[in-house]
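One chain follows as structure tokens, the form predicted alone.
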Amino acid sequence: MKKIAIYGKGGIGKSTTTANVAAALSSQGFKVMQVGCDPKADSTQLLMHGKKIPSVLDQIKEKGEDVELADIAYTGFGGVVCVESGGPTPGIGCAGRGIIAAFNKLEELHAYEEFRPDVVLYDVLGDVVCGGFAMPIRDGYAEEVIIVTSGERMALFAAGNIVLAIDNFKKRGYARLAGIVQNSRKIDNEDEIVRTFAEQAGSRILQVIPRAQIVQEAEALDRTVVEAFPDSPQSACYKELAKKIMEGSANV
């Protein structure tokens, strides 16, 4: 089982990228599990055709110890197992602790043994890498981290914080940086800016995803590009990234 944490600044297109990679992997015959680690609990909506599934935290609050695997794991496009950790009401409680509670519940219910996925994708908010948001890195859940960024300053700032967090945990044998995905925004010199960042991080660019209107068109249909427009160049781009991940060419 390959376990990958995908981090990036909020709004950078991380969840869209993750969902499309999940869809691409499923189309290549892999059993995939996607775990959304964001209080908004919207990581898997494209895979669920617009449906917002109940989060683990909400189900724990409602059912307590009676929560079953069927309450928190749903089947999306291509058989992808979709899970959302969820979080507390905005302004109340710690979102990071919500992720910890969700992960503990998945372990308690033997989710990984039950579904036996070939690959698990943890979609993690990367503005702040602390507490529960660092759990996929520090607690042995993920083996590799992929960072999604653009050439924009704040996206690179968040990406830099993620690199620092990975470095801090590296000596403990936790997840390592596998590479950078450039989700392009068409800013001046973007390719050079992101390439320089990757080099400074001791990593490399795994994939450059072009900015394309077809992404918004697919989202308007509540679908990933891979599902809605499978023969498009954009779909091919996500499929290429998925192939690299599974072949291990993402390793630095």
Ligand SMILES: Nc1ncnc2c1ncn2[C@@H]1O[C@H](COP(=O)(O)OP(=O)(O)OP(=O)(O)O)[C@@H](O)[C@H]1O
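Note that the structure is a prediction, hence the values are computed from the model and not measured. Throughout, we count residues from 1 along the sequence that is shown.
The next section is about a form of this same protein that is not shown, the form predicted in complex with this ligand.
S.K.: Report whether the minimum heavy atom distance between Glu190 and this ligand in the predicted complex is within 4.5 Å.
M.R.: Glu190: no contact with this ligand in the predicted complex.
S.K.: Using the partner position in the predicted complex, report whether Ser235 sits within 4.5 Å of this ligand, counting heavy atoms only.
M.R.: Ser235: no, not in contact with this ligand in the predicted complex.
S.K.: Applying a 4.5 Å heavy atom distance criterion, does Glu219 contact this ligand in the predicted complex?
M.R.: So Glu219 counts as contacting this ligand.
S.K.: Any chance Ile60 has a heavy atom within 4.5 Å of this ligand in the predicted complex?
M.R.: Although this ligand is absent here, Ile60 would stay clear of it in the predicted complex, with no heavy atoms inside 4.5 Å.
S.K.: Check for me whether this ligand, as it appears in the predicted complex, comes within 4.5 angstroms of all of Asp38, Asn183 and Arg211 - heavy atoms only.
M.R.: Yes, the whole trio is in contact, each within 4.5 Å by some heavy atom.
S.K.: Of Val32, Val215, Val194, Ile53, which residue is found within 4.5 angstroms of this ligand in the predicted complex when only non-hydrogen atoms are counted?
M.R.: Here the answer is residue option Val215.
S.K.: Select from 1-27 the residues with a non-hydrogen atom within 4.5 Å of this ligand in the predicted complex and write them out in sequence order.
M.R.: Sequence-ordered list: Lys9, Gly10, Gly11, Ile12, Gly13, Lys14, Ser15, Thr16.
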